[in-house]
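Heads up, the chain below is alone and in the form predicted on its own; it's given as structure tokens.
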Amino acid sequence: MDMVNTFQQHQHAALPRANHDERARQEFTKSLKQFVQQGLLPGLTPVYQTRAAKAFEKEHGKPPADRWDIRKAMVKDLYFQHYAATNRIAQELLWEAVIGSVERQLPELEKAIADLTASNPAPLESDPAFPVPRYVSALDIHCMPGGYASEIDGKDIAQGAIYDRGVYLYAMGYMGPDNDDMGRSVCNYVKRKMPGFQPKRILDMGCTVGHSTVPFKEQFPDAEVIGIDVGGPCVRYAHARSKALGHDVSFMQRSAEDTGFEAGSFDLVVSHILLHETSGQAMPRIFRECHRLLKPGGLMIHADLPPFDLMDPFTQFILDNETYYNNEPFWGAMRDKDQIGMARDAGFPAETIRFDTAPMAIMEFAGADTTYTEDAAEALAEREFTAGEYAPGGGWEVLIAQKAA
């Protein structure tokens, strides 16, 4: 039984279509990532306990006290070096396997996306002169060459296509056939926890290609749903992708720090793995912008991985490897930020601010798949938090705050 091999990515009309050799290479990179997570990662704990921690204590006269001490102990160990190097190589191979496929079929993809865009009546807004924040433009986040915003001619969609296929391989299937588990999970959470809440206008910040945006249109079909991102190629691709999935959703190239929308114009503002790809200066501004945009009684929900104070130092160390080896410079620092305090300073009443867990919606996908067993679903749901998994512990951490009515 292995859940990550149960599903394959849904071949919608905007998605690059890999040929035999390209698919073989892509599947190899996915399998290599699975080997790293399931074959190498579990060995780090005994390596740390039986030799790295002891060597650190012998050298420093005290045991490792925090994730930084643990890193000092582990980086010298050959097993950890093998793990970290293989993980980085797998990530670079993943993007290489996808980019070649997208480049080969780019003219056909551009034609398909232009046709889908023309048939989607929802607004699309992008501007080649848009000032992309430096925390996005200065590096290739999670080693994706070109990042989210690189483009050639103001009509480019390549980075969006690369991201759509690449994320599926990166997530090893844990995000479901449409890479949309986070959005579906948050939608389900809202419906179950707040059954009377019926948002009429929803904003998804940092939406990239709309993986998490489209589920909100599915779950709240009468609402106006808008996705914004600083990457022009991503919002263009997202607009076509939403039509390919049968939904008319608006996408706009705008910054979460300063959206340009009218104050008090949204009932629900959400984001999904956005905050750790911004900066310490941007986060407070994003929280203030969320408060400004919401109507009285409106909800802000940011879904990401848990803050560090909710886990032990060794788990912190494992998660923080993304900072060091996956071009995610704000990954670790964001989890040390006082997000509750930021929300309070932005104007949200303290009694409305909390962290909670949104269970993975992929469990519901699984229930509808006859090849997926009940035992498999239960095994996934009962897991404890395990650093290194794409969807740790069977749920997503959500930060919730409600604007005063």
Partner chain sequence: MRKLERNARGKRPQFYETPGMDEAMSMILVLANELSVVRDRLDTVEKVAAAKGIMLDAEIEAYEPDQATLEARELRRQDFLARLFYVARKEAAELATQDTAERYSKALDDIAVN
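Numbering follows the first chain given and starts at 1. The model shown is predicted, which means the values in this text are computed figures rather than measured ones.
Form predicted in complex with the partner chain: not shown, discussed below.
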Is Tyr325 one of the residues lying within 4.5 Å of the partner chain in the model of the complex, judged by heavy atom distances?
yes
Using 4.5 Å between non-hydrogen atoms, is Phe28 touching the partner chain in the model of the complex?
yes
Taking the partner chain as it sits in the model of the complex, is Cys143 near enough to touch it, meaning that at least one heavy atom pair lies within 4.5 angstroms?
yes
I'd like to know if His291 sits close to the partner chain in the model of the complex, meaning any non-hydrogen atom pair within 4.5 angstroms.
no
4.5 Å heavy atom contact with the partner chain in the model of the complex for all of Thr86, Ile89 and Leu93:
yes
Which one of these stretches, 189-197, 74-82, 281-289, 296-304, sits within 4.5 Å of the partner chain in the model of the complex when only heavy atoms are counted?
74-82
In this chain shown alone, the residue from Glu218, Asp156, Glu257, Glu125 with a heavy atom within 4.5 Å of the partner chain in the model of the complex is Asp156
Using a 4.5 Å heavy atom cut-off, which residue among Gly264, Gly246, Pro313, Gly100 comes into contact with the partner chain in the model of the complex?
Gly100
